[in-house]
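The chain below stands alone and is given in structure tokens; this is the form predicted alone.
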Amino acid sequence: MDKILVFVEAKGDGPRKVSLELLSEGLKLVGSGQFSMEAVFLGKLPGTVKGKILHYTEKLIHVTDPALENYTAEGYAMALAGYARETGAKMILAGATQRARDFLPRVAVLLQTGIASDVTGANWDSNPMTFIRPMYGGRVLAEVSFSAYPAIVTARPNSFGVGASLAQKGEFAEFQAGISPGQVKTSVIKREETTLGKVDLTEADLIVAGGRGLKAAENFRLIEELARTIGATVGATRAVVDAKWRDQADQVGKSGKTVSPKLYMGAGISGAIHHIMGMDTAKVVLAINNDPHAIIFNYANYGIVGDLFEVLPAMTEELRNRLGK
């Protein structure tokens, strides 16, 4: 029976949503009788995170080592690659988060294997398995497979659903990574939390984003009010972040975050390709722009041609009335 490892990350007092998505997909594969699955957590494991993960997996492996006390790409890569070798895993699944994108290519090098990054779909039943990943700003969907194993796959958040949890908790075990002192050449000097507990853009179901069309930082209150009304997360373009109107954590695009929400509302965004590459897999896109020829309309399911300073307040007011807020 082939083994699948799911690299699990924590956010706050629980596992990341994308980790639960992949564990849910793994449980489907386990149900087919062809695979076994283990969740793998590296470093400090909060008790609340552990309890939630155990309801989504047959077995949770906590990989420990002094080198994993603080995150480094080197330490995490050595630990995960070592466990994959030890268990003869056929595949490693992980969310396409900033951390996974940082260290999983190193894991691929250590295991001398390939990696399919940022996938948005999978054909689990095909032989060999194939995975769908967008390319060239979402204009092309490539279908990729592996000729050698173990395979490494990272999936965009919100590409799969979170299934029902298991009635019984899975098994828990620890694995000592055994990283020799001196193997990890980097160390963490300082760490700061900047997300302030808000929903991460990469896992948000609803996003309201603003661009240069807002004209000034203070006008982002229009975006924030609409986002607050519908329970959305605020996003921004690179130009906005470069102008210091919003924090870099809010940036959507090739040099920012890649998102796949159920609804993406963009106001005052022209549709530069580096921004489109960050949101092209959104399920529904609504664009608001006063230029009927704005590129973003080519990617939108719905478009409003109008002055955002009139459209956004009217939309917010109407939604408040409909939602009873």
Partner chain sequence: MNVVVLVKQIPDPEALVAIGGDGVSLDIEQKFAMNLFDEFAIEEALRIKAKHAGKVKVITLGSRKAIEALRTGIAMGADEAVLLEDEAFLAGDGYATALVLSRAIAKEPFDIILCGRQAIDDDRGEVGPMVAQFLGLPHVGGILKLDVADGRAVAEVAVEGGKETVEVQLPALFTAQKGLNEPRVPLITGVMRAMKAQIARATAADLGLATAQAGRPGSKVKVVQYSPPKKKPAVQIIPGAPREAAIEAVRILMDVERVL
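Heads up, when I say rigid core I mean the largest set of C-alphas that superpose within 1.5 Å between the two forms. Residue numbers count along the first chain shown, from 1. Bear in mind the structure is a predicted one, so any value in this text is a computation, not a measurement.
The same protein also exists as the form predicted together with the partner chain; that form is not shown, yet it is the one meant from here on.
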Of 61, 49, 285, 67, the one that lies within 4.5 Å of the partner chain in the predicted complex (heavy atoms): 285
Proximity to the partner chain in the predicted complex, single hit among 110, 179, 166, 217 (heavy atom within 4.5 Å): 110
Any non-hydrogen atom of residue 241 within 4.5 angstroms of the partner chain in the predicted complex: yes
4.5 Å heavy atom contact, residue 138 to the partner chain in the predicted complex: yes
Any non-hydrogen atom of residue 303 within 4.5 angstroms of the partner chain in the predicted complex: yes
Touches the partner chain in the predicted complex: residue 117 (any heavy atom, 4.5 Å): yes
One stretch from 257-265, 26-34, 40-48, 53-61 that, in the predicted complex, holds residues within 4.5 Å of the partner chain by heavy atom: 257-265
Any residue of 206-231 that, in the predicted complex, places a heavy atom within 4.5 Å of the partner chain: 206, 230
Residue 13: Cα shift of 2 Å or greater between this form and the one not shown (core-aligned): no
Core fit, then residue 262 C-alpha moves 2 Å or more between this form and the one not shown: no
Rigid core superposition, residue 59 Cα moves 2 angstroms or more between this form and the one not shown: no
